[in-house]
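What follows is one chain in structure tokens, specifically the form predicted on its own.
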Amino acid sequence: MKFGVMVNEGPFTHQASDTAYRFTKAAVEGGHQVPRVFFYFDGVNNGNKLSEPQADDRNLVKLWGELAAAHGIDLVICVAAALRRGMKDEILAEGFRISGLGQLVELGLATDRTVVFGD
């Protein structure tokens, strides 16, 4: 099955980012395809390379990048949501890119299911 994933919450304020990451990881390890993860609203903060969690905390920004590199997943940050939060290309973590809502529409059309995490 082909899953699209949408993440609407940041990595440190809500469980949605952790759940989205674990779902995506389990899906690809289970033989499913996840061609793209679209980060919207506060979810764009999952791609901020300037975030530095404590040493004993998980680093979702790094984990998303590693997962994308290992499985060819396109990590897309919504441009409008990113700019509202002061994020530009210069502060994107490795593996992430900025694009528009058209990428979300395309994702919905190209997958069997789109799973949304967060409000």
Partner chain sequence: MKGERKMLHTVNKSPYERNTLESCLRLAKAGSAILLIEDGVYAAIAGSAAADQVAARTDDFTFHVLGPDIEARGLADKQLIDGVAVVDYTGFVELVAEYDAVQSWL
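Residue numbers count along the first chain shown, from 1. What you see is a predicted model; the values in this text were computed from it and never measured.
One more form of this protein should be noted, the form predicted together with its partner chain, which is absent from this view; the next part is about it.
Although the partner is absent here, Ala70 lies well away from its partner chain in the predicted complex, with no heavy atom inside 4.5 Å. Although the partner is absent from this view, Leu107 stays clear of its partner chain in the predicted complex, with no non-hydrogen atom inside 4.5 angstroms. Mapping the unseen interface onto this chain, Arg97 falls outside it, with no heavy atom inside 4.5 Å of its partner chain in the predicted complex.
Contact annotation: His32 falls within 4.5 Å of its partner chain in the predicted complex, judged by heavy atom distances. Note on the interface: of 83-91, 23-31, 45-53, 59-67, the segment with non-hydrogen atoms within 4.5 angstroms of its partner chain in the predicted complex is 23-31.
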